[in-house]
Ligand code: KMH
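A single chain, nothing else alongside it, follows as C-alpha cells in the form predicted alone.
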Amino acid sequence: MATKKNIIITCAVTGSIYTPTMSEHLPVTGPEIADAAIGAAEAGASIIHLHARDPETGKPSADIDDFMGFIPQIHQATDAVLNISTGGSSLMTLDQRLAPARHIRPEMCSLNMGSMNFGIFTLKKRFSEWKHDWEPALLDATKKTTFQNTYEDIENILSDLGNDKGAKFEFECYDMGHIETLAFYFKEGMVKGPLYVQFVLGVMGGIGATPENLMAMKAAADRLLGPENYQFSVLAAGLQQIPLATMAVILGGNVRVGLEDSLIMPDKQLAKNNAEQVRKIRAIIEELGYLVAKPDEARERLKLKGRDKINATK
C-alpha cells in the first residue's frame, strides 16, 4: 500500500454527456448547479469541476451568462476550488469552450490531452422517448465527430489559461498516448510540477474502465513523468466509478465522482444528487484509514493561485 496522505475528492456536478431524460436529478439551471456544487463541497469535495447548461433545455452550454448563473453563489458559499471545464462539448469550437474559463480565470481548468473519438451515441439505445429533441441529436452527432484537442490547441490553452491567467490544470488522460503527450510537454518545460493527472477510464473511444488498465496508466505515468512530479486522480464512468475510485485510494491517488461521470450508485439506482456520491466515496476513504483533504490543503499541494484571484462576479 502506498504512503497514506489525505485524499482530494473532486466532484463533477453536471458535465455534457448525460441528458435530462436520463435522470431527473441531473442539475440543469444555475440554482440547481449551485446547490449541487455546494452540497458536494459540504459532503467533502475540495474541488468542484464545472460545466454549464442552457437553463431552459438542459443542453450543454459555453455561454458565460450561464456559468455566472452559479459561479458567484458557489464561491460565496464554499471555499472549494473551482475547476472550469475547457472541454465543454465535442460539438463546440475551441473558442466557445474556452470562453467561460477566460472570463472566470479560475484556479484550475481541465485539459484533455489529445483529440479522440468521444462516443456517447450508445446511450441512445436506453431510451425511446425524450424530453428534448436535442438529446438524441447530440448523441447521434458523436458518431461522426471528433473531440478535437490538437497539439496547437493544447499549447494555446496552456499559454492562455496557464501562463496568462495563472490556472493549474487537471490533465485529463483518456488513453495511454495522452500520458505520452503530457510527458512531452513536461520535458519541454511547457508544464511544470506538481502535475495533477486525471486518469479517465470508460469513455467509448478511450481506455476501458478496468483495474488492469488503471494499473497500466499509473505505471506509464510513473515511468514517463516520475512519481515525484505528479499526483493522480481517477475518474471511471458509470458503474465502475466507485470501485476504481477505491482502487485509486489504495494506490496512493485521489478521486473524482459526480453526475457528470455516472448517474448511478453502486446498487445501480439513480444517484439523487452529487453529494450522495461524495458521501459514498468519503465513507470508503475513511473506512480505509485515510482522511479527506480540505480545499486549502488541495491548494497547497497543487500550488494553486488562491480563490481571491478568480473572477467570481458577473
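Start at 1 with the first residue shown and count on from there. Computed from a predicted structure; not experimentally measured.
Omitted here: the form predicted in complex with this ligand. The next part is about that form.
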item: 4.5 Å heavy atom contact, Thr142 and this ligand in the predicted bound form; value: no
item: In the predicted bound form, Leu195 touching this ligand (heavy atom, 4.5 Å); value: no
item: Exercise: His51 in contact with this ligand in the predicted bound form, heavy atom 4.5 Å; value: yes
item: Asn112, heavy atom within 4.5 angstroms of this ligand in the predicted bound form; value: yes
item: Proximity to this ligand in the predicted bound form (heavy atom, within 4.5 Å), stretch among 156-164, 112-120, 211-219, 180-188; value: 112-120
item: Non-hydrogen atom within 4.5 angstroms of this ligand in the predicted bound form for each of Ala80, Ser233 and Val292; value: no
item: Candidate from Val200, Met108, Ala101, Ile71 lying within 4.5 Å of this ligand in the predicted bound form - any heavy atom; value: Val200
item: This ligand in the predicted bound form - contacting residues of 160-183, heavy atom within 4.5 Å; value: Glu172, Tyr174
